[in-house]
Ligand code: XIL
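In structure tokens, one chain follows: the form predicted on its own.
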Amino acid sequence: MTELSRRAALASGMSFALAACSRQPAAAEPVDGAPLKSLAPFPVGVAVQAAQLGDPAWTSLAATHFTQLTAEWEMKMEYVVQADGSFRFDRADAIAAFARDRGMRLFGHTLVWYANEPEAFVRLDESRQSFAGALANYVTAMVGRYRGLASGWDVINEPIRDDGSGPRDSLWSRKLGQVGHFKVAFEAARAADPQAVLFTNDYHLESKPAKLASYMRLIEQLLAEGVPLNGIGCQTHLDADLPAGAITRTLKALAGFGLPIHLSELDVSVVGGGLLGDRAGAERRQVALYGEAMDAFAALPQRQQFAFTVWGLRDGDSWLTRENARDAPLMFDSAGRPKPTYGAVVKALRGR
């Protein structure tokens, strides 16, 4: 997920009453803080930045509840690819080592993203190396380095335009074609680690029917043309005003392909969308959406339950809170205490 704001226009000029900003979400009963990984029959994941690995409170909480780690941004080209074309793996290696040492899975995020156009690729001398060869070399280096530890990879991230009108234009598609850049990246990833599950991944599929439809058409095309895509990512970055049932319908639609599903970047903003000024209402809807997300994922066929991943551990760790300090989008507050959102996920798992 980009560090750039997708909600800047909504957030600017808006404010809540001070009481609403300082109030903790109210729960009708104490939150059940049972370890999430002890209840879920499938992997449960969390996003991480390497610096958080030096925080004992973070590491203890993550190890207690989660079985998979996704690098929030330090396995993306923006960090890995240097101006001279060399690769930097130090932070990715630290995250991978933490996962390995604690028996957790690593999920690779992400190999190709439209928003990352490293200088080394932009200025590539194609008289010396082809663009396809350079991309394949990068994918091979990344996937091969974590072979046997990374359970899967987001190979192409966020391929569909926000308005749902079709695939995005990017450096990668301009150089290699819309399907062509998928073929190069996916085939290189498959060769580097035949056991890894290879995903494409996108957001706002629940709230934008046109985007979901375009995403599904692209998946159909890729499968028809023999691209070794064998997993589908649904980021599930939500605003609290999302109508009930939208998550369930989206996961059912994507599950129709028969491939593993990764609910890959869950968070629910209480300051975005149409509930601005109604903090209590936003918090109630947030709790309901967390519960629905787990209900919908747990209802998938077992072979399609790749992982259920939240995009940050504590509210203070979230990219949304970095954009707007009044937000509180996750399952644990900034002190690491379980919130009603966590209780809703536990209730959904206990009700299976």
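A residue's number is simply how far along the shown sequence it sits, counting from 1. Just so you know, these numbers come straight off a predicted model, no measurement behind them.
The same protein has a further form, the form predicted together with the named molecule, not shown here; the description that follows concerns it.
This chain is drawn without the named molecule; in the predicted bound form, the residue among 138, 186, 113, 146 with a heavy atom within 4.5 Å of it is 113.
235 is the sole member of 235, 200, 170, 151 with a non-hydrogen atom lying within 4.5 angstroms of the named molecule in the predicted bound form.
With the named molecule left out of view, the stretch that reaches within 4.5 Å of it through heavy atoms in the predicted bound form is, among 226-234, 96-104, 122-130, 69-77, 69-77. For residue 158, a non-hydrogen atom is located within 4.5 Å of the named molecule in the predicted bound form, even though that partner is not displayed. Using a 4.5 angstroms threshold between heavy atoms, residue 239 stays clear of the named molecule in the predicted bound form. In the predicted bound form, none of the heavy atoms of residue 193 sits within 4.5 Å of a heavy atom of the named molecule. Contact between residue 322 and the named molecule in the predicted bound form is found at the 4.5 Å heavy atom cutoff. Contact annotation for 255-270: a single residue, 265, has a non-hydrogen atom within 4.5 angstroms of the named molecule in the predicted bound form.
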